[in-house]
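In structure tokens, one chain follows: the form predicted on its own.
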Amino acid sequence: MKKKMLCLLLACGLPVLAGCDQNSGSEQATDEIVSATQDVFAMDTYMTVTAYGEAAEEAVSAAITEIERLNALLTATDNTGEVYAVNQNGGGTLSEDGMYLLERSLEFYGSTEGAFNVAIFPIMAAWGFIDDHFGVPTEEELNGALELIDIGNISVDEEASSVTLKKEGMAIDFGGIAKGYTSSNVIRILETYGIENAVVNLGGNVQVLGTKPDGSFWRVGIINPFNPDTGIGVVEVADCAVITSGGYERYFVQDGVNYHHIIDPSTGYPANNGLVSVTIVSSDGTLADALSTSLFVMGVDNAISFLEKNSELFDAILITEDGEISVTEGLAENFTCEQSFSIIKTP
């Protein structure tokens, strides 16, 4: 087992943690441990924060406030958000949170050779994934949108904390990274209240603090991408984020063809590289969120190559369209699956 993380993890978009009490409000738990749970709808999904400790109720309330703050700040579709304003005005000043996410997004663009692209918004809009008016865009519409996602047309002034979108119609979208950033922020807030055991579930994106109060690992159910109403296995985790991207999460069907929301920036079409689910496990929620999408776009061979070069940063579970499951060796001991799986050897 790798020393870089206490627990191993997970793959899933499954919104429930097996073996975890998640009752509303504050309660007296086993062995006099106080727990508190609150739910909130933000970033287009239902989110749950559960914490254990004397200050659990205060800590969870502060966590919900942070989720709501970041939701309002980072949305690309609500006119109250700074990202919306930047997109409407072709640029503008960003908050500390916004600048951090933009700079990391540009870093991920480089390290993934374009698989992660924060300027993907126009293509997402062309497919209807922004306003839910789904439809396959015409070749002309798609070509026009592709002209608007060139990262070279994003200019950042770090000293002024500002960004300029050089081409009219360009727009940035933190949808591929915001939930991971939010979960990491929430964990930090819980720690300031002395919380040592907690779980943050942001619509299936899970980040846990410590272990369960009894010292055992959190158990996370793994979704079956071929039948999302069922599970395919369980992983045990502690002190890490577990974030999954899958083509089953959001899609529409037109003329008998399934089109999912994970777009390959190089083509403008939904990624079709042999993968149906990618889970990233890392202590860095922001990285896990960005890379779950990026490796999905890369496809099996390029994803494994990326894993081999960056094995010190994260672990992963890959599920192919043929139903084959591969996990990095750092996860293998804590991963229980109903079928056989292969182990990805990393340096």
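Numbers for residues come from their place in the sequence shown, where the first is 1. Worth saying up front: this structure is predicted, and the values here are computed from it rather than measured.
The protein also exists as the form predicted in complex with a small molecule; that form is not presented, and the subsequent description refers to it.
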- Query: Hey, in the predicted bound form, does Met124 get a heavy atom within 4.5 angstroms of the small molecule?
  - Reply: yes
- Is there a heavy atom of Val60 lying 4.5 Å or less from a heavy atom of the small molecule in the predicted bound form? no
- Item | Any non-hydrogen atom of Gly231 within 4.5 angstroms of the small molecule in the predicted bound form | no
- the small molecule contact at Glu82 in the predicted bound form, heavy atom, 4.5 Å: no
- Message: Taking 4.5 angstroms as the heavy atom distance cut-off, pick the stretch from 251-259, 114-122, 208-216, 222-230 that is near the small molecule in the predicted bound form.
- Response: 114-122
- Message: Can you pick out, from Ser282, Thr293, Thr286, Ser35, the residue that has a heavy atom within 4.5 Å of the small molecule in the predicted bound form?
- Response: Thr293
- Item | in the predicted bound form, the one of Ile195, Ile263, Val235, Ala171 near the small molecule [non-hydrogen atom within 4.5 angstroms] | Ile263
